[in-house]
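The form predicted alone is given below as one chain in structure tokens.
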């Protein structure tokens, strides 16, 4: 069977830096941190981290109430990013509803606020009758996928990837595989996430959050830096249109890049600790599937969240495969860790870097930790022709994902 080629023809972003691709990229170019002190979280007993990167919920009432009532915050973000991606790609309503266009949107879970609200409403009197009929649809794990599909009239394959921080990159990888196999012509895919104190709190309990910079929020997170002390949660959505190459050519679509390779593997070693051996395996398999040698990669967009162990293991894994020959940066310093949305949002940024020939640096990387040395850290904007990109996502549960894109279409 001859596998089909897959390209990216549309992008959309809602991020802590703004509700469009343009505002997101402008924030990266100007070195803007979106992290702030969350005063409203301080009444939570036991919380130590009060920093986060919130996005703005904006123009949500443009979504008809019939659709919006089953959407939590994260589904609204996904719907808005999806509309952007569809408009950017130029695909028609007829193509969307043809049955040949699918949707896969990943997230860590359903709407955190809606889940929290449901228990707060129900539990005092254990009264289920107090719950609204639409609340379940906001809470369920596949809420973003089905809400976007209903809103846009998608009738093709509908799936959801729920793999913590690897969710959206897995969504892209699954869509890539299904188009290669000829199951669909197009996919809306990516990820979405929303902030809530219980989300940051779950990382806080694991001692994975940044706690030293509550009074100086824009100095954290600090990927690869010797003074890093943990991650900062963010929110938003990144959605892409993936398309079979010949289908895109026939309609003269703009092509951002071709997906050349993808891999996802489990570490099988520890629930929360990163493991460089499994990272090496994942990146190596992505390169192998793309038929690309390490020296042919022009830029690595690292997962690096600012945790001591995670950054160290990823840096060591990159060093073993690439040495110090390939530029590396992380975008978490600008927008925090958007969890299930991070892979897609950061991949979109990487596509724009390819288009513009620039690498955006790791924000807040002032002094490279010796444990993260031996790789080509980017600490200031670098002009460079970028034809190939490797994007990493490494999640709790030992779930690793790596994806290779190339700009030059052969």
Partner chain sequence: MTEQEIIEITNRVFEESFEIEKEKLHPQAHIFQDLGIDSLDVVDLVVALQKSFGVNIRNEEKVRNIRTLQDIYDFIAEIKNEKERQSY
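Every value quoted in this text rests on a predicted model; they were computed, and no experiment measured them. Residue numbers count along the first chain shown, from 1.
FYI, the form predicted in complex with its partner chain isn't displayed, but the following is about it.
Asker: Under a 4.5 angstroms heavy atom criterion, identify the one residue in 61, 43, 366, 384 near its partner chain in the predicted complex.
Answerer: Residue within 4.5 Å of the partner: 61.
Asker: Among the candidate residues 251, 288, 254, 130, which is the single one with a non-hydrogen atom no more than 4.5 Å from its partner chain in the predicted complex?
Answerer: Exactly one residue meets the criterion: 130.
Asker: Please determine, with the chain shown alone, which of 153-161, 236-244, 311-319, 130-138 has non-hydrogen atoms within 4.5 Å of its partner chain in the predicted complex.
Answerer: Within 4.5 Å of the partner lies stretch 130-138.
Asker: Find out whether any non-hydrogen atom of residue 66 is located within 4.5 angstroms of its partner chain in the predicted complex, and reply yes or no.
Answerer: Heavy-atom contact with its partner chain at 4.5 Å: present for residue 66.
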